[in-house]
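We begin with a single chain expressed as structure tokens, specifically the form predicted alone.
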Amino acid sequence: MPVEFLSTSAIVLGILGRLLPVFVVMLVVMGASFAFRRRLGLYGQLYDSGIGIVGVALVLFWLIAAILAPVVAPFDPYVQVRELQNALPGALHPATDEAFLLGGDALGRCVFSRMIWGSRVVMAIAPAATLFAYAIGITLGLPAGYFGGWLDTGLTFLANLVLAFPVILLFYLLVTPEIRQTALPGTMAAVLFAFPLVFVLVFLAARFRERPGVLALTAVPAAALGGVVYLGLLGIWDPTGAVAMDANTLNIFLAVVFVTAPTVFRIVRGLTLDIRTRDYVAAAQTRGERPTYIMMWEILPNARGPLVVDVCLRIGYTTILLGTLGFFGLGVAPESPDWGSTINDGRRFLRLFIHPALPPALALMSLVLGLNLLADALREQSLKD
């Protein structure tokens, strides 16, 4: 039976109809944020510039699309329909008459559904990996820049040692099957995943050291929650089932954190070297404050402007790295709908069919563009301050 197709206008209306829940949630969130922007701190200041609004809209679009993927996507991203292999946009499913709005790929999977579900992979890994890298970079960069000496020399040497490796080659080494079968991934996870917990506990201890009651009320729940997350990430104990990662995802996550953390360390160290010479740091030292308090509550808050800007850029870089890994076949799984893998699958037939590779490429570009615009808007606000 020949495959039937929708008209161009029907395809556009179908895509808009599928994305309607995303646009409704975006409108509510951005409308409320704009109305209360004066009370929302740095996030609210983004709505004072056109660049910031566009950046928020692009990032928020993909975040909401990732959350609502089961509702927005009309098909399972892994289901194959033989009749719709490399089908053009608007092809109707022979059994359900539901349209492959952006066509089918070489295996007969819905390109639109895979693009939407692929946003979940990016939104789950890129921000989390960036935050983990920042926890490591801040935890090591603050004492390196504040104390200097042999500690600074040793940590800087280790960071430069990691950065000296070509990034792609390092990724290849970390995600190869031979490495996965060794104890290296588990050891790396045990070490790297401990840094966020250490950072939070030191942060709280530095602030509430003179108030044991408040310290107990904050540090004990933080340690308990952090311990559960830590054990879940290691695959030892995950009562919620929402933390543990499969072996492929864990290795990709570790690779991204391992490669990103040294760069963050250098940024934090450089900022600390500058800020430690300021008068308010000298005043805190004169008051007899401990080094942990000075680093966490005098230096770090005054470095937040450049760090927040870099976080947005760093998530964009991580997104590109994930796409690059997927493109080279090193993604979370061969059949994964992540954008890099989907682009690579479509690339093989690019001379004949452009529609399988173009949507995920545009999705990746739009998300990175949104993050870069956010960084530009945050930089403008920091200069005003």
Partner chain sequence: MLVFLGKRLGTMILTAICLTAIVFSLVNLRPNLERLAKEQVSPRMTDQQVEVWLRDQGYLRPWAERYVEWLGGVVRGDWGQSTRFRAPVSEVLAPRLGLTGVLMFWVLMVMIPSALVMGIVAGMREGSLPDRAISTVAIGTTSTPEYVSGVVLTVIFASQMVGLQWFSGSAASAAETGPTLQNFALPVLTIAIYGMGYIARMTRASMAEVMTQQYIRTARLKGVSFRGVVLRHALRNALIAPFTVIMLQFPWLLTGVVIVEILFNYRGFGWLLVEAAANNDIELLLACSVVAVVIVLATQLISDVGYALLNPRIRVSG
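Numbering follows the first chain given and starts at 1. Everything numeric here is computed off the predicted structure, so don't read it as measured data.
Not pictured, yet referred to below: the form predicted in complex with its partner chain.
Heavy atoms within 4.5 Å of its partner chain in the model of the complex are found in exactly one of 249-257, 218-226, 125-133, 162-170, that being 162-170. At a distance of at most 4.5 angstroms from its partner chain in the model of the complex, all three residues L184, L358 and L369 contribute at least one non-hydrogen atom. The closest non-hydrogen atom of A244 lies beyond 4.5 Å of its partner chain in the model of the complex. Contact annotation for L68: none of its heavy atoms lies within 4.5 Å of its partner chain in the model of the complex.
Taking the partner from elsewhere, E178 is found to have a heavy atom lying within 4.5 Å of its partner chain in the model of the complex. Contact check for L88: a non-hydrogen atom falls within 4.5 Å of its partner chain in the model of the complex.
Screening F147, Y78, W237, F157 for any heavy atom within 4.5 Å of its partner chain in the model of the complex leaves a single hit, F157.
Among M30, I320, V54, L63, the residue placing a heavy atom within 4.5 Å of its partner chain in the model of the complex is I320.
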